[in-house]
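Let us start with two forms of the same protein chain, each given on its own as structure tokens and named structure 1 and structure 2.
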Structure 1
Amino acid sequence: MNLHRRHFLQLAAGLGLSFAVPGLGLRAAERRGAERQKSLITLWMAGGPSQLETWDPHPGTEIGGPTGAISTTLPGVQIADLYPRVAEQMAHLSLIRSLVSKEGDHERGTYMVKTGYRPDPTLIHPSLGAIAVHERPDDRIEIPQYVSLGNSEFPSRGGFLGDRFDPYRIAAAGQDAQNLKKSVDEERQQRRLANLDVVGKSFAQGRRRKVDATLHQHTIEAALRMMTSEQLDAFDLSAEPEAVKLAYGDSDFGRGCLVARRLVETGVRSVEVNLNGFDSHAENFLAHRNRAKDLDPALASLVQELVQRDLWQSTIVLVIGEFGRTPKINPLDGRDHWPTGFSCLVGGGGLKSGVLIGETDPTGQRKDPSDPIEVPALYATILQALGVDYAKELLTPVGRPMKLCAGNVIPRLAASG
């Protein structure tokens, strides 16, 4: 039986008998430049980062607070002075300062910005990363094709695409990936798997096709494939030079970004790295200074390395959170939720770089930014760059037609050709 053969192949691989394993194509890792399939890295800024303390500072104004601005490699564009290293990489990126959404609650806002749809009680939409994997699967990849690093209060979902498209979650990057190590020696593991075949056989009697449809055996196979895969090394930072690790910063988020680079290098389609702690209703400036200590080195190193390794044309990097924060500074020196005129950085994957879109009012009086961009438009642009037919309609399990993305591409940003 095929499944048995597969078992033994994988066991053989686990025992170091790699000759027994057919070529599992690490070739994805070798390809470079535009010939690579495209991947997406989302750096998720959980809690809602202040646009004023990140990519849209207004120094010297009433709303600007104490945050200063610095020039960047993108001519005419200044960002908050908390981000000197990102400033050096800005020429590779584009900046939208006029994102708008209608959701000012964390959970609803996260849903909106992760999926491009407002929450709907009758179904769950897939997140952007899940769509990318669903539409552009790659069966050479033995490890999960959608990985989420770092804790997330409202995790991304496969939604109506199915649980299989939920991201594989790892709480702290750089440590052992969760549940991937077998807990007994190889001999016992073999005994366990042989046992499983015996017990599985009784159950399959009179249920064979039904049991196949449960994918139970399939998921065990896939899990074993993953447990013995060389591609798991992508999660392991021990081979990275100290200097590189240091450049990303000694933080979970920094290690997450480095793992993200390794994962896309291996061919993983979609990675998200979570950075928590932007919900600064009080002490906004202190909170953002602290977040910048993690974000500035990690993001800058990620962009720099992707460029240096010729992965930039094949990797989209998106830095975004559920909303921005109020221009008005509250009496606790904090800023509150502000789902209009917030900022994101996006670049790579063939998207145009150096584009600046939108502008917010330096006085904070005018609520709406000029040149407003809705999240679905951004996602249509990203999906198109990933080679996904974003306007395609899928049928949800209840038979309701649903577009992958309800927006239209932003031509100024779109990948050319």
Structure 2
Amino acid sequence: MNLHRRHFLQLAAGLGLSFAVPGLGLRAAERRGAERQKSLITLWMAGGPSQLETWDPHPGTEIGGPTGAISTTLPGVQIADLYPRVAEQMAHLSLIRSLVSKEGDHERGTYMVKTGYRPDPTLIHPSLGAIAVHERPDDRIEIPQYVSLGNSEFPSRGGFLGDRFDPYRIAAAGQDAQNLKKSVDEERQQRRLANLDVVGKSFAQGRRRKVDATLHQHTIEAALRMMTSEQLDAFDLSAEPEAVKLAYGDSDFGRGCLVARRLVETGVRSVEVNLNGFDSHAENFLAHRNRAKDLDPALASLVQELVQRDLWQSTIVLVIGEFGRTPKINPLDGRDHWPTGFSCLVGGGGLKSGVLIGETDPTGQRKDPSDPIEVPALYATILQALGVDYAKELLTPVGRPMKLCAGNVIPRLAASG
């Protein structure tokens, strides 16, 4: 199904929903969206969130457990009742309930879903965010163009694109990040840099190629550029109203989502925000209730603010983990790994909204979902929306030709124009 924006706004007003409409007219919003280069925000649900306790509940069935379902602004679509605020924003998003992967191990599944490729012992593939930065660099951005917020056991990488495309990682977003500002006065700073330059040049004599391979000079120059940039304020939440911070939730993940909004507002190309704790082999329902306390306000506020600030058409939001969890509830009241028929939310960046793809068996007997979607197809669709030639072939450092993405675009989800 495809719900047009105007129809959605009319429907929302009729339902008395709580989100605000954008301050700009539709034409202005569309124009600004086209002019601004697109960014990607990935909300990474580490551990494998259960589709049944998030976006594909089956209440009242043997596999459904105690989780209920609530209606959303996407007509005919219900999600877990743990997400009342996300339900209000669903019409901006699309939902895939039929993602499939062949990787049911955390590390291998994470690699697969972050890169679109299965692990290969001869090669490290770049993550989706690294590809976006490599293919759509912006010299006007003085802070890292690929940022990862929150801890991650299996962090994203630049892979064969090079270490310079690894994300800049901040463990606790919105806190005082270490080493972002100089700790001495300007005179002493310049003296230190001059001394460092002398030592660096002396060390590089006779070993220039090896020194260049370390990215040492590049790292210093990028760090100094960032430390003196006004764009650094994007990491600082002190200027945000308390009501806004409260809306995102008092959690590292909530602050991460708010920083992510500020980063894409500044022009950062790719941001990841990590939420751990979905590996629920035991006490699955308690784990998901706890995760929803962080995810529901943060995701809903992020979508709401991106729409209100006219950033929705220029920002893709992807909510995904490495796989889902089994329909069967194990003796520990948990669910195990399930790489077949798991769910994700995606929207913004000109992608079609209000699209529902796939269906899982409410009895849990049939393993394969209807209308299966492979991860590379999703990533081809996202890369195309970002303005990247997803089928482009690059040579790896050892001369091996490799496509950025091995999938094909999903037409019913793809951005038009």
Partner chain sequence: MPTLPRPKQFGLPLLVVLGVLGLVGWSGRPPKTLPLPEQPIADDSFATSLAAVDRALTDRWEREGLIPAQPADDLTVLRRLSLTLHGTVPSLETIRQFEADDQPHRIDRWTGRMLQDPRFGDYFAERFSRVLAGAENGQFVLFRRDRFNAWLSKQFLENRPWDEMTRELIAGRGLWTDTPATNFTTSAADEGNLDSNKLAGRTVRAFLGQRIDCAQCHNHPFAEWKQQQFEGLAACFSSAQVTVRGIQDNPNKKFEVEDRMTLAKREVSPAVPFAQEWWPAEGTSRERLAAWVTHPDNKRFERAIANRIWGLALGRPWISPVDDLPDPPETAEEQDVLDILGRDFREHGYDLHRLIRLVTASRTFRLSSSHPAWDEGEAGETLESNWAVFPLSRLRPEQMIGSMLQASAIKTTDQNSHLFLRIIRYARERDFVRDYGDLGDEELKERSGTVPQALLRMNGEFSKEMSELSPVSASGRIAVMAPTDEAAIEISFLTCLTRRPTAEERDHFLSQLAPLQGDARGPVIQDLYWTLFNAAEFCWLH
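Rigid core here is just the name for the largest C-alpha set that superposes within 1.5 Å across the two forms. Numbers given to residues start at 1 and step along the sequence of structure 1. As the structure is a computational prediction, the values presented were derived from the model and not from experiment.
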property: Selected structure - the one that is the form predicted on its own; result: 2
property: C-alpha of residue 304 moved at least 2 Å between the two structures on rigid core; result: no
property: Large Cα shift (2 Å or above) at residue 219 between the two structures, core-fitted; result: yes
property: Residue shift check between the two structures, rigid core fit, residue 230 Cα at least 2 Å; result: no
property: Once the two forms are fitted on their core, CA shift of residue 197 between the two structures in Å; result: 3.4
